[in-house]
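Quick setup: one chain, the form predicted alone, written in structure tokens, and binding and motion questions come after.
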């Protein structure tokens, strides 16, 4: 499944998560009556403004409400075009895209079975697509929102494969981690595929 399709599905999933709390349904109905600011909503519901702000942020992140500045207040109103979508529209995925997703998942599992044994990387594949799959798997050993020294990175990577320099370079080049002044951290968005020579290419594929 393409990155654009994955992004579209992720945006739809945000809507369902945002609607998964009863208070957010109440907030949507209050805002549906007329645009309101957070303090007004908190007063109506007898809730802490911070609690209301948290729920409004979830609705805003899902594209269901939008805020505009009015002097000292953020006024929230509905994004009507998003709310007008039917449930059928929200859940529909073309059959071809579903099959692509199933095939991609099966391919990923096959690559991981081929190149890992007991969580040990047997070899770095030559193909860039396979390199990305194995590096994304290895990246899961690192936490988001945490900084690592190069020594710590090496200590984690050596449990997977002895050539830690190639793994470090791959994690950086694929956009799975960033590095500055000897400090590494994990990031969420993969970058473009590596050039042909970026990782070891002398292993059998």
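Positions refer to the first chain, counted from 1. The shown structure was predicted, so the numbers you read here are calculated from the model rather than taken from an experiment.
From this point on, the text means the form predicted together with the DNA, which you will not see here.
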* Joint contact, 21, 49 and 54 to the DNA in the model of the complex, by non-hydrogen atom at 4.5 Å -> yes
* Structure fact -> Contact with the DNA in the model of the complex, heavy atom within 4.5 Å, among 114, 74, 127, 77 goes to 74
* **4.5 angstroms heavy atom contact with the DNA in the model of the complex for residue 170** => no
* To do: Flag residue 154 as yes or no: does it have a non-hydrogen atom within 4.5 angstroms of any non-hydrogen atom of the DNA in the model of the complex?
  => no
* **Proximity of residue 82 to the DNA in the model of the complex, heavy atoms at 4.5 Å** => no
* Would residue 118 count as a contact of the DNA in the model of the complex, using a 4.5 angstroms cut-off between non-hydrogen atoms? -> yes
